[in-house]
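Take a look at this one chain, the form predicted alone, written out in structure tokens.
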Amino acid sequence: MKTKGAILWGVDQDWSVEEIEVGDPVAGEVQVRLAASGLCHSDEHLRTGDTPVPSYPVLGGHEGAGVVTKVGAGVTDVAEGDHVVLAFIPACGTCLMCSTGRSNICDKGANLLTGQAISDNTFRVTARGQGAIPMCLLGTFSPYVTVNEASVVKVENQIPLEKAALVGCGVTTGWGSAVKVADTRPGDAVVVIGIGGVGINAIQGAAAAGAGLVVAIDPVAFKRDSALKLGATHAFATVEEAAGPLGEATYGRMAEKVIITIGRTEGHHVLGAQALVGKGGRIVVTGMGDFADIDVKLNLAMFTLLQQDLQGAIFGGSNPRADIPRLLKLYEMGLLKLDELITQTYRLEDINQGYADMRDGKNLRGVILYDDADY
């Protein structure tokens, strides 16, 4: 089908909204008419080149929710008319990772940036006659997507789809980074460095897990204020500014958990986090950096002597088929805030303005909304 999409034709170029073609679902796939797509920082990494792709063009977007319009042969998990959230990492359910409860690192995720569909290794999206790589094999910067059923999670119809879209990546990643990967315990002191679309949800997760102190660090005052409204007990502009008060509040023990959710994480950020974590503490690195960056700064002596952990995290260590519906249930119960995350909504044609606002620190989350004019 012919529709439109936001296409990237090279590094440091703007998104180009133009006509694309999305193929019909083959066996094991579904087509979804999206209601919304989040503007996640990971797509900005495509534009800057921090996340390399084998070729261009690229159809951006990997946070989406909508209604199933077509199903391919053999699909049993969902049917036409079902409301679904797209998980940015597929969960096949049968690989070693999935079968041992780690579907956030499902083996099917190995091809996420190749553009080749899981079902048959061909392209579902074309732009100007060329095969296009849909971000995370989703490409939610288009009102229609054709995706593998491993990337689709059915949700209850009463959940607002424009809110549910955020749970496909940022909310689940942030919440899980605090609750699952950091393993926040009641009474812990937790620090979150970088209060964007992921960090704000690490704040929510740490507070929900019963942390005694939840410290937000971000240079943008608006983001610090937002963190205080969504569960943080303290907020500071820099690591250096936070260190003294954190030490006083913990009687010198410092934090049990420090979570790095900076939009573009660099090696020196780990050393900053280490200055805030105490004995037996854990540093969780959730933020993404340049794929070519291999330099991490760490005080190895203190790392050993204080028996600290350094842990990577993807998708918040979550199992999307179980955790996406669970988080949306918490939203219905008022225990997870989603409405408050959306600072601004945009048309697809305004996507470059949306990312400019993100870079300028104006948004917690920007969201593209689709309506009848887009279908």
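Heads up: residue numbers just count along the shown sequence, starting at 1. Here the structure is a predicted model, which means the values were calculated and not measured.
One more form of this protein, predicted together with a small molecule, exists but is not displayed; see below.
Q: Just one of Gly272, Gly231, Gly287, Gly278 has a heavy atom within 4.5 Å of the small molecule in the model of the complex. Which one?
A: Contact with the small molecule in the model of the complex is made by Gly287 alone.
Q: Scan Ala165, Ile195, Val258, Val145 and let me know which has any heavy atom within 4.5 Å of the small molecule in the model of the complex.
A: Checking each option against the small molecule in the model of the complex, the one that comes within 4.5 Å is Ile195.
Q: How about Ile314: is it within 4.5 Å of the small molecule in the model of the complex, going by heavy atoms?
A: Judged by the heavy-atom cut-off of 4.5 Å, Ile314 is in contact with the small molecule in the model of the complex.
Q: Considering only heavy atoms, tell me if Ile217 and the small molecule come within 4.5 Å of each other in the model of the complex.
A: Contact check for Ile217: yes, within 4.5 Å of the small molecule in the model of the complex.
Q: Just to confirm, Gly199 within 4.5 Å of the small molecule in the model of the complex by heavy atoms?
A: Although the small molecule is absent here, Gly199 would touch it in the model of the complex, with heavy atoms inside 4.5 Å.
Q: My question is simply whether Val22 lines the interface with the small molecule in the model of the complex - judged by any non-hydrogen atom within 4.5 Å.
A: Judged by the heavy-atom cut-off of 4.5 Å, Val22 is well away from the small molecule in the model of the complex.
Q: Going by heavy atoms within 4.5 Å, which of 65-73, 332-340, 34-42, 345-353 lines up against the small molecule in the model of the complex?
A: In the other structure, the partner sits against 34-42.
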